[in-house]
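The chain below stands alone and is given as structure tokens, in the form predicted alone.
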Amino acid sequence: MILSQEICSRYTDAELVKLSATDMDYFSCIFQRYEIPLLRYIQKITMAEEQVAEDILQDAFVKIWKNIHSYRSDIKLSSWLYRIVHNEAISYWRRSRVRGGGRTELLSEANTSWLKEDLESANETNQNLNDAIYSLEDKYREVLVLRYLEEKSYEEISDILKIPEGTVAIRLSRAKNLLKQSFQKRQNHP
């Protein structure tokens, strides 16, 4: 049985994890709470169509359900969920890159302000920005997506990617520098 949003909203994440361990109905609350942001994250990181992203999410939630007993309350539930979804998404993404799969657009006019401010790239089109981000190594694209598109804190990114917060900061800085270099090359060699 799927519990209503009203019932689900009565519980914190920690309470839902405990209840889910003994009653699967409460697991539906976790799914309802995190389905949309996790699906959006999958689409951004994998470049997958919606149906494929939904399949990845379903596989991830099966793993989450199977491992609900291993959740450690010393990290945020959202970070733990993102970590599992991240692993599923990256596995798919790597397989699809080998097969030459398609991609979705990461950026829209509304979510590029961070990039335009930091990189002074107001003249760049969203298509150019998307192309530049997709050309980055996985480790740089991942931190950009998590930080700026998913609005995760350095601590959350650290938990999700299982890297130190200092490494998160370094990768973000390098990713921005690589994007800036890409834009400068494009301006010098149109």
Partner chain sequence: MTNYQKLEERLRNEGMKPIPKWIFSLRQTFVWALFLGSVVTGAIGFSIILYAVQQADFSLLSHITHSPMEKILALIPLVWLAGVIVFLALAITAYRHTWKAYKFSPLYIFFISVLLSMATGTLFFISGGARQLDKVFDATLSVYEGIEEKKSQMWYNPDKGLLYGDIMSAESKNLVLKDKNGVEWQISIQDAFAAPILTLEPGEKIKIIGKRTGDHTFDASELRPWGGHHGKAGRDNR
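Residue numbers count along the first chain shown, from 1. What you are looking at is a predicted structure, and each value in this text was computed from that prediction instead of being measured.
The discussion below concerns the form predicted in complex with its partner chain, not included here.
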Practice task
Would you check, heavy atoms only and a 4.5 Å threshold, whether residue 138 touches its partner chain in the predicted bound form?
Solution key: no
Practice task
Answer for residue 149 alone: is it within 4.5 Å of its partner chain in the predicted bound form, judged on heavy atom distances?
Solution key: no
Practice task
Verify the contact flag for residue 75: yes if a non-hydrogen atom of it lies within 4.5 Å of a non-hydrogen atom of its partner chain in the predicted bound form, no if not.
Solution key: yes
Practice task
Spell out, yes or no, whether the shortest heavy atom distance between residue 40 and its partner chain in the predicted bound form is within 4.5 Å.
Solution key: no
Completion exercise
Only one of 128 to 136, 40 to 48, 65 to 73, 141 to 149 has residues with a heavy atom within 4.5 Å of its partner chain in the predicted bound form, and that stretch is 65 to 73
Practice task
State yes only if every one of 9, 11 and 34 has a non-hydrogen atom within 4.5 Å of its partner chain in the predicted bound form; otherwise state no.
Solution key: no
Handout entry: Neighbours of its partner chain in the predicted bound form among 157 to 174 [non-hydrogen atom within 4.5 angstroms]
Key = 158, 159, 162, 163, 164, 165
